[in-house]
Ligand SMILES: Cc1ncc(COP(=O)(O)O)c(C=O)c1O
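Just the one chain here, the form predicted on its own, laid out as structure tokens.
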């Protein structure tokens, strides 16, 4: 067999643990608490079928032809106008690009800002897809722990004071992946103040922001950004459909211009047909009403998972009940979440170990992440019982 030599940039990267779990469990009778998938019940399939038929009847050339890198003009305008009117996101200096999912927005922001050896600060734990995108540019990735209010801004400032190569702070302030936590308004303001004072950028990743089913909305960091310090990554994946891969990024014009060039050498432009599909959906239907239906659905599924955990959890896990998003974060008093995940997998329940989300991949975590949006109610009831029974046996040996 030929001895292939890979680039230094890619040779150390490991595949996403979540993608590997999904691949290993595909087509098997497994209760999947491991995915980050929305429920298919949330997809507006009938509306999409109607719009798709109209597009291919009336404008097939537009759907099947090349488009501009920045994205379909109508969708860019609709998205920017909605963000501005509903969430006060976007200033005169900001522009918007449509990306291939929110993941590409993260990767492009890293590509245009971060050099090898620069420092990127992130929450610890954090989203594995973003961590790998950032790692691929070989920076010094520094994880900062969180508490119930979010990232520890005092520790962030300690790093900023001593490390002059910090280029970016990556955060998921609302319904954080994997913890499900929400950064307080005070922490958001403090983090923005640090970014302004120390001349660094914040990459605010917010795909779950509108999926709130309890509590009160907290303004985004980007909505407070008057000096051009925040890059805002969003997505239609969690509120319409993830398979379309329609994301977006709002940032100062100079940064967006560089991201356009970076995207041109990557995929030229986002899928033209699906951009048209989303644009027409926004024009014809009430997106806010659709999102409310999703929140109602996820609120019930979250309540069910939490109540089942409360029924069987005899001190095996510390559980924080989320107010929105897709995930529940469980912390054992001792042990290794990766070991528990293996035992659960052998019993037909897939969970993601907390170590998959750490900036330092070699560390052990006593945590696991569960998803409640995708499994059926029956699977939630059955799977939580198996999980707690497995945890009882595992912890008894520790």
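Positions refer to the first chain, counted from 1. Here the structure is a predicted model, which means the values were calculated and not measured.
If you look for the form predicted together with the named molecule, you will not find it shown, but the lines that follow are about it.
Although the partner is absent from the chain shown here, 170, 207 and 235 each have a heavy atom within 4.5 Å of the named molecule in the predicted complex.
In summary, among the residues 101, 90, 139, 299, the only one with a non-hydrogen atom within 4.5 Å of the named molecule in the predicted complex is 101. Listed residues 245, 111, 135, 95 were compared with the named molecule in the predicted complex; 245 is the one with a heavy atom within 4.5 Å. The shortest heavy atom separation between residue 211 and the named molecule in the predicted complex exceeds 4.5 Å. Taking non-hydrogen atoms only, residue 127 approaches the named molecule to within 4.5 angstroms in the predicted complex. In the predicted complex, the named molecule sits beyond 4.5 Å of every heavy atom of residue 279. Residue contact with the named molecule in the predicted complex: residue 250 places no heavy atom within 4.5 Å of it. Looking at 237-245, 149-157, 180-188, 311-319, the stretch with residues near the named molecule in the predicted complex, meaning non-hydrogen atoms within 4.5 angstroms, turns out to be 237-245.
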